[in-house]
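This document starts with one chain, in the form predicted on its own, laid out as structure tokens.
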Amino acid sequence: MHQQKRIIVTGGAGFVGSHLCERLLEKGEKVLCVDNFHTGSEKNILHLRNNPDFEVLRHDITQPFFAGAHQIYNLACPASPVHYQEDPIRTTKTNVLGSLNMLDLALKLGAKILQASTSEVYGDPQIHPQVESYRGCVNCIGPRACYDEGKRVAESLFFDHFRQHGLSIKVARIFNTYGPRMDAKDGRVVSNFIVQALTGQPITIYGNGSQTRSFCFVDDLVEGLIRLMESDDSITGPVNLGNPGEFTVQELARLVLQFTGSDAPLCYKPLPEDDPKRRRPDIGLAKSLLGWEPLMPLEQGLAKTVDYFSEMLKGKKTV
């Protein structure tokens, strides 16, 4: 018989967080979604509001709070350059103070806690594909440092709590993720291209489009996060969660044009500072420790994402 767990998801109204809340509820768990709605959205969780096992707490995790839980997923943080560079000091506070507050809560409760870290801890990598043992190449004073270094400090804090207090921790390094409920204005390459194609705007490519990314569908990522959380306590991570399929930005643009039926032109602009040239996860650890690998092909996932944005943009002239 299933023993119902009470689970806190910080950033639960965000893109990934809302899918995670939904999946945990489907598994029969009680979920407390904690979000300050800085980048999260009420509409992402509206369909969950009538579920008696779902609660929402509007709160900024840079301030402490108390609630009971068996598990904590710490996803709270702006995750796209547009959002995390908008208020870089706030982003750093969310990563550092927010992580400390959630770790303190986990200690008080004796709860297991998972940190949603990022492939950005590898910076502009000098090895390819990226393995968890790689220490990264990050500019600690650049415009992306609030996020990159913030997440690196958060990982340090998690492992210090593991070593110093014996806290049960999990660290997932999340690579590019896409799917329904992405924010149309978050500046990420998938949402950018789809929205531009659907609204007849030029497709903006930074650099010459030869830089690569790996794209993991959100359902696959959520499965990986849950498997990591449910794994044996000896498995702390960090564990890469992403799709090892590697595509150039130019290839992605062509696919988006194909699936949207758009004839929008490509528009090239200078590459932003510290933008990584290549990004692809080595998921050997996730395969061996969690039995996890992504199942959704990019073409199929893009079709679902295009459908979502098509519905969202109906009746709107601009986004």
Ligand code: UDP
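The structure presented is a predicted model; accordingly, all values stated were derived computationally and were not measured. Quick note: we count residues from 1 along the sequence shown, nothing fancier.
Same protein, other form: the form predicted in complex with the ligand, not shown, and the subject of what follows.
Heavy atom to heavy atom, is residue 81 within 4.5 Å of the ligand in the model of the complex?
Yes, residue 81 sits close enough to the ligand in the model of the complex that at least one of its heavy atoms falls within 4.5 Å.
Does the 4.5 Å heavy atom contact test between residue 64 and the ligand in the model of the complex come out positive?
Because no heavy atom of residue 64 falls inside 4.5 Å of the ligand in the model of the complex, the answer is no.
So in the model of the complex, does residue 293 come within 4.5 Å of the ligand, heavy atom to heavy atom?
Result no; residue 293 lies far from the ligand in the model of the complex.
Determine whether any heavy atom of residue 134 comes within 4.5 Å of a heavy atom of the ligand in the model of the complex, and answer yes or no.
Looking in the model of the complex, residue contacts with the ligand do not include residue 134, since no heavy atom lies within 4.5 Å.
Do all of 4, 30 and 69 end up near the ligand in the model of the complex, with near meaning a heavy atom within 4.5 Å?
Checked in the model of the complex: no contact with the ligand for any of the three.
Report the residue, out of 176, 231, 101, 168, that has at least one non-hydrogen atom within 4.5 angstroms of the ligand in the model of the complex.
Checking each option against the ligand in the model of the complex, the one that comes within 4.5 Å is 176.
Scan 184, 226, 189, 146 and let me know which has any heavy atom within 4.5 Å of the ligand in the model of the complex.
Residue within 4.5 Å of the partner: 189.
Heavy atoms within 4.5 Å of the ligand in the model of the complex: which stretch in 274 to 282, 22 to 30, 46 to 54, 254 to 262 meets that?
Contact-bearing stretch, as computed: 274 to 282.
Under the 4.5 Å heavy atom criterion, name the residues of 223 to 261 that approach the ligand in the model of the complex, in sequence order.
Only a single residue, 249, comes within 4.5 Å of the partner.
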